[in-house]
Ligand code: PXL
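Only one chain is shown below, in structure tokens, and it's the form predicted on its own.
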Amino acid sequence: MNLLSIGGSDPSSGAGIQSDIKTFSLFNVHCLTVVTAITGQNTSSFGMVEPVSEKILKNQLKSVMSDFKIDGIKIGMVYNSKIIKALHHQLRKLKVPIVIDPVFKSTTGGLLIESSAIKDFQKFIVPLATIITPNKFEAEILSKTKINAKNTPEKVAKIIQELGSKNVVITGIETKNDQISDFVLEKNNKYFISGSKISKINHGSGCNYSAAIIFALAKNKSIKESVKFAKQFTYNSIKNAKNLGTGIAITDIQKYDKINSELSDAINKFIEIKNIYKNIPECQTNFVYSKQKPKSIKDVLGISGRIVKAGKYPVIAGNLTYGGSKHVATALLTMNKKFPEICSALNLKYQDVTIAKIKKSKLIVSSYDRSNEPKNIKLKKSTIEWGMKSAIKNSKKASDVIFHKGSFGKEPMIIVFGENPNNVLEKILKII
């Protein structure tokens, strides 16, 4: 896959095209670059901006577009009207996803666009966008409207959408309970995507966010899936930000973990299943995914807390962590030892109606009776391994579902297994 980053050069490598090169390389993507301006900045101050000439800008675009198949484009800093118009002329007929990150001001205070060019940005750049990702400050500039009780994020997003962007994501809207939300306006849909707030000033999170979105879009993910993926990716980059210079911390992009990405996507899909809260047991739900040939629960990714019920809504309480699950991870490890292709699992509430659907399905089902549990196993207070071994002892094929009816002080349970998280979800949709 080839993704094109169009933007400014940041010598600190905290933002701009240098940041995008790091991000795309992490995703195993080839990053093409077209430089619009050279900046002089570091983690504590902003110096000069020198835009490239229209001639070299066009030559850069021609060079990459004539030689490479481009799967997606991210546009960041554009600086002046000449650059804006040249980009519009070259890109307006392309049939690839384009993400616009309207960077108007650097974290250290430098202006990244001439004030006289904002009108041309609205007219020529915004209409190119598959998604535009302004933060609150940038959204207010583009819409000429302050976000407040009267002018909601939805109202402001609609103004920006009317400028020509197919989809609008306004980032960094602070809400209650230390949550920070992104408001998403699609053509026929609108919603907030919320996450935990990290009170840390950083350099590069906006670039990480928009780069992650164009990667997801180029992988044919939906708008919602792309934004959720980007939000989690950016959260991790902020959480791991490092003080490499004497000023603001630079976001640190950890090695891309495919297991983490796939499980995170599946968890988001799981909690959106209609009435899924009815299937969450008293001990709550965990969703796990292991590395190949796992040796212990430290090789199994799971939620450090659980997926819990909050009224009629499931809530993810905790972060994805290797070793984050004990019960479901142990069940998976036991299954994986006999059937190495099984690498994911999720537990559900035991209900007679669910068992009836399972038995009517074409899924392979096993069970075990906890009343037969040996006393020495009970004393260990960790009996899941014994139960799983009992259930699959004579099995020649991996079970899709294993259940038990509980015992004194032990809640009955259903565990669904699969080769990967999406495989587990497919089975869950057949039985709930």
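Numbers follow the displayed sequence, beginning with 1. Every value quoted in this text rests on a predicted model; they were computed, and no experiment measured them.
The same protein also has a form predicted in complex with this ligand, omitted here; what follows describes it.
- Contact between residue 423 and this ligand in the model of the complex is not found at the 4.5 Å heavy atom cutoff.
- Contact annotation for residue 231: none of its heavy atoms lies within 4.5 Å of this ligand in the model of the complex.
- With a 4.5 Å cutoff on heavy atoms, residue 207 counts as touching this ligand in the model of the complex.
- Residue contact with this ligand in the model of the complex: residue 77 places a heavy atom within 4.5 Å of it.
- This chain is drawn without this ligand; in the model of the complex, the residue among 103, 266, 129, 227 with a heavy atom within 4.5 Å of it is 103.
- Partner contact region in the model of the complex: 106 to 114, out of 106 to 114, 298 to 306, 350 to 358, 146 to 154, criterion any non-hydrogen atom within 4.5 Å of this ligand.
- Shown here without this ligand, the chain has 8, 9, 10, 15, 16 in 1 to 27 lying with a heavy atom within 4.5 Å of that partner in the model of the complex.
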